[in-house]
Ligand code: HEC
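Only one chain comes next, encoded as structure tokens, the form predicted alone.
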Amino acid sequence: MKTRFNWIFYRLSFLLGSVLLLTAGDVMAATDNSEQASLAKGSELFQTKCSVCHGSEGSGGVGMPLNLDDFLKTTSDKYLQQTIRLGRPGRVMPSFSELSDVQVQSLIKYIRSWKPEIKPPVYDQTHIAGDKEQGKQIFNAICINCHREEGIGGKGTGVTFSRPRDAEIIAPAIGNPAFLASASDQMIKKIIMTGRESTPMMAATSMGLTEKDVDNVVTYLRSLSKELPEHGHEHKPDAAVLTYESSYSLEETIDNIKAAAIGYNFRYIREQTLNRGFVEKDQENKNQYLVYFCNFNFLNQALSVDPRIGMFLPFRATIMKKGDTVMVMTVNPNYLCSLFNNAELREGCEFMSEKYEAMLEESTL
């Protein structure tokens, strides 16, 4: 009887162990699948939301490079999460408040997957209480050279890739309210203490700073905190495209636009059919034209602030004839400027919108 009981107990134990092994295997497989799915979703989100500025592999462009070792070593997941959520009001980085928590975490996992050997740092929330005035003096003597007054950030965006700038990588806006809301005191201190290799940011000791000096700088930066704006972007103008109906023929409208643009200090570049290069020359649509002009002085100034200004410069007017109606259209710089989230562009975009509207009105009425 005892032998039979032992045999039954052995079989039950074996079966139970098999079930547990199979269950554990299923759980591990499900976990692996879940991780892969999350990573795939993060990759998809990054390519659609982030790559246009940060590059398809995070090497930078209009936006800052994200795949640098020292960036990943000193940047916490909490900072990345907050940055994605808040953006950088007044700078190029928009807020992605529409993303769910799961989507944000997928994005962060994907960013971390570039350098899986680098573990994300976790900072305590200990507040640094240094001397604000001493920190301000140090900042104005050293840091202001790159980060500019009150940490508003270097001119331009991201990585130098088309126009000469003071440094290969533009200094971030460390006085920006969203940066200060995202980065803890300890994280800011760590970055200043260690610097960031492959960027102009040197370690504190290379700049002759002590740990106490760094504490003072962090305290000064924290004093620059301002209330975050309610929305990441300003209100968008209603019209993305400026559209006018012309009182003239297609040929007369084109001539009028050329004369008006030159009168507003634009240099005529060329005119062409809208589908030139996409079809054989004898198949081009003679009822659809593009006319190009440019104010090169303004273009150079604008590109130094934000290379994406090339989306609406040089000036391009589209003239289309359908039946007896001739329409003239061009992009509305004010609308695009609101999408860029770059306060430095506001004045220039308003100037361009006024010019565009004046030229189109003069050409069509």
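In this text, residue numbers run from 1 along the sequence as written. Quick caveat, the model's predicted, so the values are computed rather than measured.
FYI, the form predicted in complex with ligand HEC isn't displayed, but the following is about it.
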property: Touches ligand HEC in the model of the complex: residue 222 (any heavy atom, 4.5 Å); result: no
property: Contact test in the model of the complex: residue 305 vs ligand HEC, heavy atoms, 4.5 Å; result: no
property: Close approach of residue 336 to ligand HEC in the model of the complex, 4.5 Å, heavy atom; result: no
property: is_contact(residue 121, ligand HEC) in the model of the complex, heavy atom dist at most 4.5 Å; result: no
property: Contacting member of 274, 240, 294, 142, with respect to ligand HEC in the model of the complex [4.5 Å, heavy atom]; result: 142
property: Position in contact with ligand HEC when the complex is considered in the model of the complex, options 266, 71, 289, 244, heavy atoms within 4.5 Å; result: 71
property: Site check 259, 348 and 358: each within 4.5 Å of ligand HEC in the model of the complex by heavy atom; result: no
property: Answer range among 280-288, 122-130, 85-93, 247-255 for contact with ligand HEC, defined in the model of the complex as heavy atoms within 4.5 Å; result: 85-93
property: Residues within 4.5 Å of ligand HEC in the model of the complex, restricted to 175-214 and counted by heavy atom; result: 179, 188, 191, 192, 196, 199, 200, 201, 207, 209
